[in-house]
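A single chain comes next, written as structure tokens; it is the form predicted alone.
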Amino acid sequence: MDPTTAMYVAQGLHGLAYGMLLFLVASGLTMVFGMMGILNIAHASFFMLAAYFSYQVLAFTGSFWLALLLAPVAAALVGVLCERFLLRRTHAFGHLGELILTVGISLVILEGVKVFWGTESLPIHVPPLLEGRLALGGLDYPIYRLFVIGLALVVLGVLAAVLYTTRLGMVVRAAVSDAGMVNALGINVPLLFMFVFGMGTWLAGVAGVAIAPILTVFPGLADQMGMDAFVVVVTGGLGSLWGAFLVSLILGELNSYGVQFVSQLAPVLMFLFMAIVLAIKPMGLFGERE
């Protein structure tokens, strides 16, 4: 493979890896915002919190795999508590109350991580099993980034299987469409929505742990990923898992090739793409008009 081709392929793989990480965050936001109708500005803060939790678990145990298992669960638990005791009380007042509350939650999380872990960047090392590079047709590519791509694909498969092939997924989708009818059938809708919120937060937590060895852990991590995730959800269509997946891949490639070839315009490329899509399809690529 000649150097120019190798550069293009490497940038494509970088974009794919970032797109997959973006999908993990956006898929959780799709469940919370698109399906439940909860405007959760703090979603990216749970993503950042999981990254800090993974650093702490790694410091205590030295095991990245244990951190990958425990940190998203801990972040999901915090999310469930916020939904049960805070968000559920404001949901009846509409998006304005949710906006104010979740902005407050994100600020509390931000100040909390500064108090407990400081403001310096905290490095997390790639586990020994995933160190090094893999030769792909003349291109040496980091094994850890390939692992991130595979991890996101596995999560996508499991999530799609749960939502579209199981009774739980059927009940969740029915509750999103008509919560009153599902509740009348004897299903505890508030408990179901708490589970969905926790699952969405867990997905963000998985992304937070996965991205930590690439970007390190620092207080601005939520800002770096949060806006991109909202762009994905709106552009893909509210509540559409496949829309979030497709748009995440597109934005990942736009970000990667944009930084490489039009670095000054790279920050606005995703917003330009969103504007074009919404001008043609105001409900997003896979969104449906109610």
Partner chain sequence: MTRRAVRWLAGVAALAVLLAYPSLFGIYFTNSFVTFGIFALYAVSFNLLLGFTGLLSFGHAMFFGAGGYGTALALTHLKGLPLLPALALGVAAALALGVLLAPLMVRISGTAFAMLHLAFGQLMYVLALKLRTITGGEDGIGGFPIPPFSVPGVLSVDMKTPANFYYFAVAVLGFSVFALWFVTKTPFGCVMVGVRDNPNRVAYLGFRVPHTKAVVYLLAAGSAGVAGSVFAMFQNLVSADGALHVFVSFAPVQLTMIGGVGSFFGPILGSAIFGVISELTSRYTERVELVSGAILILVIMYAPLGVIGMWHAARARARARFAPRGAAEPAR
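Residue numbers count along the first chain shown, from 1. All values derive from a computational prediction rather than experimental measurement.
Same protein, other form: the form predicted in complex with the partner chain, not shown, and the subject of what follows.
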key: Non-hydrogen atom contact residue 276 with the partner chain in the predicted complex at 4.5 angstroms   = no
inquiry  = Does any part of residue 39 reach within 4.5 Å of the partner chain in the predicted complex? Heavy atoms only, please.
reply    = yes
ask   = Is there any non-hydrogen atom of residue 100 lying within 4.5 Å of the partner chain in the predicted complex?
value = yes
inquiry  = When the contact criterion is heavy atoms within 4.5 Å, does residue 230 count as touching the partner chain in the predicted complex?
reply    = yes
Interface residue in the predicted complex among 104, 123, 169, 150, criterion: non-hydrogen atom within 4.5 angstroms of the partner chain = 104
message = Just to confirm the contact call: exactly one of 87 to 95, 158 to 166, 198 to 206, 181 to 189 touches the partner chain in the predicted complex at a 4.5 Å heavy atom cutoff, so which is it?
response = 87 to 95
message = Is it the case in the predicted complex that 33, 112 and 267 each bring at least one heavy atom within 4.5 Å of the partner chain?
response = yes
